[in-house]
Structures are given as structure tokens and as C-alpha cells.
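One chain comes next, on its own, written as C-alpha cells: the form predicted alone.
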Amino acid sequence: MIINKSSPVPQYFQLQTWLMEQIEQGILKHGVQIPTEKELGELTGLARATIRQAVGNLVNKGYLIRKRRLGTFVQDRQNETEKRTIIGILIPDIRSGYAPELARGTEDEAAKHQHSLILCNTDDLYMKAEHHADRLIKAAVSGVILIPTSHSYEKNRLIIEMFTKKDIPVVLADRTIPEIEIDHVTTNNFDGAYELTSYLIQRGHRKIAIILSERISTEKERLKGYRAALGDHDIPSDSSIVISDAGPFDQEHYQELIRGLLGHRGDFTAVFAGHDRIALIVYSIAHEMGLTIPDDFSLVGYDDLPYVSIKLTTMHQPIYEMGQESLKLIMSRIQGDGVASREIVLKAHLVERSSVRNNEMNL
């Protein structure tokens, strides 16, 4: 059966995949005309609009070519591959967080050198990452830029192995995976968190709450930097105001965590939000509870997202540049650079705004 109508995979994508397999296996050879929309409809039971979408996608990918008044034919893939370099990029969500900025940096760098980009949203889920990995392999991409999902390191290694088994090079962007030899581009998360925590301490804060995810490699490093800064200033870490969540970022879940934290406001004078989206929720819940930042407590974030609407003191990450460097790194692999795995660590810097006040009692 070509089409499984009970499958969650879109029907156009099932047909598209089947046609690609027919071409790659040599069943549909170069120069051969594929069945017409009517014939494909009779074969699959799909509507013409669905068939047209699948065929159109394969035309855009270079598998097929339309000839006016004659039909649609299998394209010469060898010549097409020589002309185009196609890079896949898997990101958590193009709509939010730092991913849009990173994807823009990658796309701009790709366009500058006439490379093509296939963008895949994983929603930070392993199953979606696996689905898109299979899709990119079938699309014959030359390389892949991957932001690992919030699942276990083992699950993310499986995604990487899907590509490496097909000799498709992979570069990790932002998040890393320990004990694996693979190119990656990230920022100095430990140092950035250390600097941000030290800044709060210098402003007189000794009771500094922190809220982030312990599952994400970048936030793990920020937690280490926070603890190191406290230790170097002889301030004991208070586990009651360290909110280290075990799951991926979920807005409703973090709203509940933050309500619980702010309910014990007397235990801290400042909050270190693991990234700016968390900081925005802290700001919103504080407003809901009748609290004012920085009068009632100080707040810092991490990322310096361009669309954050509050005057937030934060660490600026060179996210756009991270996308550019990831594209440069994957292209060097595609072009045959055989050196050992490389690590590019970009530097974050403090951006001081008005969400932190001096804690006069400790100055």
C-alpha cells in the first residue's frame, strides 16, 4: 500500500517519499515520464490537490522537471547535485526563543554563497526530530545543522547516527552532547552565568534565586557558573531557591513554578532566569501578583532576545553569528575538511538595563 490513511504522516508526504524512493532505486529512471495526476489518483486514492503538492515539492527539490504540454519527467539528479548544496537545519521552534535569530543567521550565510536550506521544526521532541531526519536523508541533503532536542543525550545520539551512517556531516548549534566527537558552535555559558551572578553580588544581592532546565546542556552550564560565582564570593547555595526543572520549556508549567517561587519572595532579593523567555514569565506573574521589578526584587535573563519588551538586564548571546558560524563549519566538512572535530565558542556579554537595583543592606 502506497498511502496509509491511518498514519499521522501527511498523505502528500507519503506520496512524495514513495516517488523519491522509486527514483533513487532506479525504478523511475532519468528522463522517464511519471504517471499523470489522474493515474496517481487512481493508484493512491488521493485528491489531485494532494498529488499536486507532492509532485510540486519534488520539482522544487530537483527530482522532477515539468515540460510544458508533455508532462512531468524524472530529472538528472547527478547534474543537479553538482549545482546545488542543500543543508538541513533542525531547530526547536521557528516562532519563539532564540531559534528564529539563529536560523536567520544560517539562512543569510547560506544565501550569500548560493546554498539552499531546508528548515525543520522539532518542537524539542525526539519523535519529530527523527521524522525530519528521515525526511532530510531522503532529500539527499549535503549536511545538517542540529540543535539537539530536550530529550536525553542517548536519544540525540540516535538522531546524529541516522545522518552519520549515510555519511552526512552534522554540526551541533548552541546545545552540545557530552562524550561525542562532533563539530559544534556554542557560547561561553559558564562564563556568562558567572559574570551575571557576580554582577548581582556586586550590586549587593546575596540571596539569588535561579530557575532553568537541568536537561538542556546550555542551562546546565549556566547553573554551574551561578554556583561557582556564589562559591567564589563565599555565599552558600540555597537549594530552596534553586528551581532546576527536569523537562523541556513549557510556558504553563513554568508559570506554576514561578508562582511558587514568588510566593516565597522573602527568601531572595534577585532572580536569575535561565533564559529571556523565563524572565518574561517572571515579569508577567510578578505583575499579576502586584509586584514591581526592580522595586520588589531584581531580575536578570539570558540571550538578549530582540523582541523582549521589558528593560531587562541580560547576557547578550551572539545568536545570529552562531547561525553563520554553524553554516561555515558544515560547509567546510562538506568540502572535505578532514581535521578532528572542532568547537567554536562565541563570547556573550552583559547588557545592563533597569531590571536590577542595588540591595542597600549589603553594600
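Take the two forms, find the largest set of C-alpha atoms that superpose within 1.5 Å, and that set is the rigid core. Because the structure is a prediction, the values reported are computed rather than measured. Residues carry their position along the shown sequence, with the first being 1.
The form predicted together with the DNA exists for this protein as well; it is not shown, and the discussion that follows is about that form.
- Only one segment in the set 315-323, 302-310, 331-339, 41-49 has residues whose heavy atoms sit within 4.5 Å of the DNA in the predicted complex; it is 41-49.
- With respect to the DNA in the predicted complex, the three residues 165, 217 and 247 uniformly fall beyond 4.5 angstroms at the level of their nearest heavy atom.
- Contact check for residue 72: a heavy atom falls within 4.5 Å of the DNA in the predicted complex.
- For residue 29, no non-hydrogen atom is located within 4.5 Å of the DNA in the predicted complex, even though that partner is not displayed.
- In the predicted complex, the DNA stays beyond 4.5 Å of every heavy atom belonging to residue 355.
- Among heavy atoms of residue 22, none comes within 4.5 Å of the DNA in the predicted complex.
- Using a 4.5 Å cut-off on any heavy atom, the one residue of 22-36 that reaches the DNA in the predicted complex is 36.
- Remark: with the core as the superposition reference, the CA shift of residue 9 between the shown form and the other one reaches 2 Å or more.
- Core-superposed comparison between the shown form and the other one: CA of residue 37 displaced by 2 Å or more.
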